[in-house]
Ligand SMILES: Nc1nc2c(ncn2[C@@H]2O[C@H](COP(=O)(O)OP(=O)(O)OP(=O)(O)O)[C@@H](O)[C@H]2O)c(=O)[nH]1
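Only one chain is shown below, in C-alpha coordinates, and it's the form predicted alone.
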Amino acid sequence: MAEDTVSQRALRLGVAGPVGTGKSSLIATICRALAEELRLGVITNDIYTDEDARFLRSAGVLEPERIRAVETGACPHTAIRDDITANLLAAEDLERDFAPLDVVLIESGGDNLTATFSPALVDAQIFVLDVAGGGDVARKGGPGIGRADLLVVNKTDLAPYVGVDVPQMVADATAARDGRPVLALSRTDAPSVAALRAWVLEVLAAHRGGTHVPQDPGPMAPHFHADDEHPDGGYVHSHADAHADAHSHAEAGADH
(Lines give C-alpha, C1' and ligand atoms only; values in the text may rest on other atoms or scores of the structure.)
Protein backbone atom coordinates (compact mmCIF):
# COMPACT_ATOMS: atom_id res chain seq x y z
CA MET A 1 0.00 0.00 0.00
CA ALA A 2 1.35 3.43 -0.85
CA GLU A 3 2.47 5.57 2.09
CA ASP A 4 0.12 8.45 1.24
CA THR A 5 -2.83 6.02 1.27
CA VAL A 6 -1.83 4.74 4.71
CA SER A 7 -1.66 8.26 6.10
CA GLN A 8 -5.15 9.06 4.82
CA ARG A 9 -6.96 6.15 6.44
CA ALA A 10 -7.96 6.20 10.09
CA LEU A 11 -5.41 5.64 12.80
CA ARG A 12 -6.10 2.16 14.18
CA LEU A 13 -5.37 2.10 17.89
CA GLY A 14 -5.38 -1.23 19.74
CA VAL A 15 -6.20 -1.56 23.44
CA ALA A 16 -5.14 -4.79 25.16
CA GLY A 17 -4.63 -6.06 28.68
CA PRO A 18 -5.78 -8.64 31.22
CA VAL A 19 -9.43 -9.20 32.13
CA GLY A 20 -10.88 -6.47 34.33
CA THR A 21 -8.18 -3.84 33.90
CA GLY A 22 -10.64 -1.34 32.44
CA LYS A 23 -10.07 -1.52 28.69
CA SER A 24 -13.68 -0.66 27.84
CA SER A 25 -13.68 2.12 30.41
CA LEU A 26 -10.47 3.53 28.93
CA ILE A 27 -11.99 3.51 25.43
CA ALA A 28 -15.07 5.27 26.80
CA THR A 29 -12.76 7.87 28.39
CA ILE A 30 -10.97 8.45 25.07
CA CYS A 31 -14.29 8.82 23.27
CA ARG A 32 -15.61 11.32 25.80
CA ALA A 33 -12.40 13.34 25.59
CA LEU A 34 -12.17 13.45 21.79
CA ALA A 35 -15.59 12.77 20.23
CA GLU A 36 -16.32 16.48 19.75
CA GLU A 37 -13.18 17.07 17.68
CA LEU A 38 -12.43 13.71 16.05
CA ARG A 39 -14.48 11.21 14.06
CA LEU A 40 -14.20 7.97 16.02
CA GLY A 41 -15.21 4.34 15.65
CA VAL A 42 -14.83 1.35 17.98
CA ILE A 43 -14.46 -2.39 17.47
CA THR A 44 -14.71 -4.70 20.47
CA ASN A 45 -13.67 -8.34 20.80
CA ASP A 46 -15.38 -10.93 22.99
CA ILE A 47 -15.26 -14.70 22.66
CA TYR A 48 -18.98 -15.45 22.46
CA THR A 49 -20.81 -12.20 23.25
CA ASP A 50 -20.97 -8.53 22.32
CA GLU A 51 -20.99 -7.41 25.96
CA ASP A 52 -18.22 -4.83 25.64
CA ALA A 53 -19.89 -3.26 22.62
CA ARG A 54 -23.21 -3.14 24.49
CA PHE A 55 -21.48 -1.47 27.47
CA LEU A 56 -20.03 1.25 25.25
CA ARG A 57 -23.30 1.80 23.40
CA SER A 58 -25.20 2.11 26.68
CA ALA A 59 -22.61 4.60 27.93
CA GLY A 60 -23.55 6.87 25.04
CA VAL A 61 -19.96 7.71 24.15
CA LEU A 62 -20.60 7.43 20.39
CA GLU A 63 -23.48 6.80 18.04
CA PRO A 64 -24.33 3.10 18.50
CA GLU A 65 -23.70 2.37 14.82
CA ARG A 66 -20.07 3.42 15.22
CA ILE A 67 -19.44 0.61 17.73
CA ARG A 68 -19.05 -2.83 16.17
CA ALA A 69 -18.52 -6.18 17.89
CA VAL A 70 -16.35 -9.10 16.78
CA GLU A 71 -17.06 -12.49 18.39
CA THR A 72 -13.72 -14.28 18.22
CA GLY A 73 -14.93 -17.78 19.14
CA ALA A 74 -11.40 -18.63 20.28
CA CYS A 75 -8.50 -17.28 22.33
CA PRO A 76 -8.93 -13.48 22.43
CA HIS A 77 -5.38 -12.92 21.25
CA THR A 78 -5.86 -15.12 18.16
CA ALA A 79 -8.14 -12.53 16.54
CA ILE A 80 -5.73 -9.64 17.16
CA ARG A 81 -2.47 -11.42 16.48
CA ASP A 82 -2.64 -14.58 14.38
CA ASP A 83 -5.75 -14.55 12.22
CA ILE A 84 -6.76 -10.89 12.17
CA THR A 85 -9.19 -11.28 9.26
CA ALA A 86 -12.39 -10.62 11.24
CA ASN A 87 -10.99 -7.49 12.88
CA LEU A 88 -9.40 -6.22 9.68
CA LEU A 89 -12.68 -6.58 7.79
CA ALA A 90 -14.60 -4.94 10.65
CA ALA A 91 -12.20 -1.97 10.62
CA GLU A 92 -12.43 -1.61 6.85
CA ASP A 93 -16.24 -1.83 6.94
CA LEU A 94 -16.47 0.75 9.71
CA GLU A 95 -14.16 3.16 7.91
CA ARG A 96 -16.10 2.74 4.67
CA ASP A 97 -19.51 3.18 6.32
CA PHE A 98 -18.53 6.36 8.18
CA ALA A 99 -15.81 7.76 5.93
CA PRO A 100 -13.80 9.63 6.77
CA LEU A 101 -12.91 8.47 10.30
CA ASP A 102 -9.93 9.80 12.23
CA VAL A 103 -9.41 6.98 14.74
CA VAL A 104 -10.68 3.41 15.04
CA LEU A 105 -10.20 1.96 18.52
CA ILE A 106 -9.90 -1.84 18.59
CA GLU A 107 -10.36 -3.47 21.98
CA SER A 108 -8.94 -6.93 22.54
CA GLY A 109 -10.79 -9.46 24.60
CA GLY A 110 -9.34 -9.71 28.10
CA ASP A 111 -6.20 -11.80 28.10
CA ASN A 112 -2.92 -12.35 29.89
CA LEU A 113 0.32 -10.36 29.92
CA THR A 114 1.53 -11.84 26.62
CA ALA A 115 -1.27 -10.48 24.40
CA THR A 116 -0.20 -8.15 21.61
CA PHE A 117 -1.71 -6.82 18.37
CA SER A 118 -0.33 -7.57 14.94
CA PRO A 119 1.15 -4.43 13.36
CA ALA A 120 -0.83 -5.44 10.27
CA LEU A 121 -4.02 -4.70 12.24
CA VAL A 122 -3.19 -1.63 14.35
CA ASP A 123 -0.85 1.32 13.95
CA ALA A 124 -0.27 1.78 17.68
CA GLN A 125 -1.24 -0.08 20.81
CA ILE A 126 -2.04 0.67 24.43
CA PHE A 127 -1.54 -1.99 27.09
CA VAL A 128 -3.64 -1.61 30.23
CA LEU A 129 -2.83 -2.72 33.78
CA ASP A 130 -4.74 -1.71 36.88
CA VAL A 131 -3.73 -1.19 40.48
CA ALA A 132 -6.17 -3.85 41.68
CA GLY A 133 -4.05 -6.45 39.89
CA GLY A 134 -1.18 -5.73 42.29
CA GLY A 135 1.64 -3.25 42.40
CA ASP A 136 4.19 -5.84 41.29
CA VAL A 137 2.50 -6.81 38.02
CA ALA A 138 4.42 -4.22 35.98
CA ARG A 139 7.71 -5.86 37.01
CA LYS A 140 6.60 -9.16 35.50
CA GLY A 141 7.13 -7.80 32.01
CA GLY A 142 5.98 -9.41 28.78
CA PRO A 143 5.67 -8.05 25.25
CA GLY A 144 2.62 -5.91 25.97
CA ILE A 145 4.09 -4.30 29.06
CA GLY A 146 7.52 -3.93 27.54
CA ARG A 147 6.87 -2.72 24.03
CA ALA A 148 3.36 -1.33 23.59
CA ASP A 149 3.36 2.29 22.46
CA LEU A 150 1.76 3.34 25.77
CA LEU A 151 1.35 1.48 29.06
CA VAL A 152 -1.58 2.67 31.19
CA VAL A 153 -1.65 2.01 34.93
CA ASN A 154 -5.39 2.30 35.35
CA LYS A 155 -7.83 2.92 38.24
CA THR A 156 -5.31 4.84 40.32
CA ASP A 157 -8.20 6.16 42.45
CA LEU A 158 -8.47 2.64 43.90
CA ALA A 159 -4.84 2.52 45.06
CA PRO A 160 -5.53 3.50 48.71
CA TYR A 161 -8.07 0.67 48.98
CA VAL A 162 -5.79 -2.05 47.60
CA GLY A 163 -2.54 -0.90 49.21
CA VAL A 164 -0.66 -0.05 46.01
CA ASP A 165 2.04 2.62 45.78
CA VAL A 166 1.22 4.17 42.39
CA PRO A 167 4.51 6.12 41.95
CA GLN A 168 6.46 2.91 42.64
CA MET A 169 4.31 0.94 40.20
CA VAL A 170 4.87 3.59 37.54
CA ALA A 171 8.61 3.58 38.25
CA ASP A 172 8.72 -0.21 37.91
CA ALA A 173 6.75 -0.01 34.67
CA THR A 174 9.05 2.68 33.27
CA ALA A 175 12.09 0.52 34.07
CA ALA A 176 10.47 -2.50 32.40
CA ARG A 177 9.78 -0.40 29.30
CA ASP A 178 13.23 1.17 28.90
CA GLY A 179 11.73 4.65 29.20
CA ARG A 180 8.76 4.18 26.87
CA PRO A 181 5.75 6.21 28.05
CA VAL A 182 3.73 5.13 31.09
CA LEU A 183 0.54 6.91 32.15
CA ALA A 184 -1.09 6.63 35.57
CA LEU A 185 -4.77 7.10 34.83
CA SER A 186 -8.08 7.52 36.58
CA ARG A 187 -11.17 8.51 34.67
CA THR A 188 -12.02 10.76 37.64
CA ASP A 189 -8.67 12.58 37.45
CA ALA A 190 -8.84 15.36 34.87
CA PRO A 191 -5.05 15.89 34.41
CA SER A 192 -4.48 12.20 33.64
CA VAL A 193 -7.38 12.16 31.17
CA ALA A 194 -5.92 15.27 29.52
CA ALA A 195 -2.56 13.48 29.24
CA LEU A 196 -4.23 10.49 27.57
CA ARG A 197 -6.05 12.79 25.15
CA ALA A 198 -2.79 14.56 24.29
CA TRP A 199 -1.04 11.24 23.65
CA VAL A 200 -3.74 10.08 21.22
CA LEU A 201 -3.59 13.39 19.35
CA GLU A 202 0.21 13.18 19.16
CA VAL A 203 0.11 9.67 17.68
CA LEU A 204 -2.63 10.72 15.25
CA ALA A 205 -0.55 13.66 14.06
CA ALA A 206 2.45 11.39 13.50
CA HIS A 207 0.25 8.89 11.63
CA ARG A 208 -1.13 11.62 9.38
CA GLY A 209 2.34 12.98 8.79
CA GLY A 210 3.70 9.57 7.84
CA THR A 211 6.29 9.59 10.63
CA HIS A 212 4.69 6.98 12.90
CA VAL A 213 5.93 3.44 12.30
CA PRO A 214 3.82 0.60 13.77
CA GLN A 215 5.94 -1.47 16.13
CA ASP A 216 5.85 -5.26 16.34
CA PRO A 217 6.00 -6.26 20.02
CA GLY A 218 7.00 -9.76 18.96
CA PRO A 219 5.08 -13.05 18.73
CA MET A 220 2.93 -14.36 21.53
CA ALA A 221 4.94 -16.24 24.13
CA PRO A 222 3.90 -19.87 24.70
CA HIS A 223 1.21 -19.89 27.37
CA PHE A 224 -0.99 -22.31 29.28
CA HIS A 225 -4.68 -22.97 28.62
CA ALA A 226 -6.76 -24.75 31.25
CA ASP A 227 -8.65 -27.69 29.72
CA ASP A 228 -10.63 -30.15 31.82
CA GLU A 229 -10.74 -32.63 28.95
CA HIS A 230 -6.97 -32.78 28.57
CA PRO A 231 -5.36 -35.63 30.61
CA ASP A 232 -2.90 -33.20 32.18
CA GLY A 233 -5.56 -30.58 32.86
CA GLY A 234 -4.36 -28.16 30.19
CA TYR A 235 -1.90 -27.56 27.41
CA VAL A 236 0.82 -25.17 26.34
CA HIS A 237 -0.14 -23.17 23.26
CA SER A 238 2.18 -21.19 20.99
CA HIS A 239 1.13 -18.73 18.28
CA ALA A 240 4.60 -18.13 16.86
CA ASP A 241 4.22 -20.49 13.90
CA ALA A 242 0.94 -18.95 12.75
CA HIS A 243 2.17 -15.37 13.02
CA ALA A 244 4.11 -15.19 9.76
CA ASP A 245 1.28 -16.54 7.63
CA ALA A 246 -1.33 -14.28 9.28
CA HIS A 247 0.88 -11.23 8.91
CA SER A 248 1.42 -11.89 5.21
CA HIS A 249 -2.31 -12.46 4.66
CA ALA A 250 -3.21 -9.23 6.44
CA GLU A 251 -0.71 -7.19 4.44
CA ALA A 252 -2.11 -8.61 1.21
CA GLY A 253 -5.65 -7.74 2.31
CA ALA A 254 -4.63 -4.21 3.28
CA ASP A 255 -3.55 -3.49 -0.28
CA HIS A 256 -7.13 -3.74 -1.60
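Predicted model only: the values in this text are computed from it and were never measured. Residue numbers here begin at 1 and follow the sequence given.
The form predicted in complex with this ligand is left out here; the points below concern that form.
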Okay, which stretch from 137 to 145, 90 to 98, 104 to 112, 172 to 180 lines this ligand in the predicted complex, with non-hydrogen atoms inside 4.5 Å? 104 to 112
Students should find that, of 154, 118, 125, 78, the residue having a non-hydrogen atom no more than 4.5 angstroms from this ligand in the predicted complex is 154
Scan 187, 197, 57, 68 and let me know which has any heavy atom within 4.5 Å of this ligand in the predicted complex. 187
Contact label in the predicted complex: residue 158 to this ligand, heavy atom within 4.5 Å: yes
Is there a heavy atom of residue 23 lying 4.5 Å or less from a heavy atom of this ligand in the predicted complex? yes
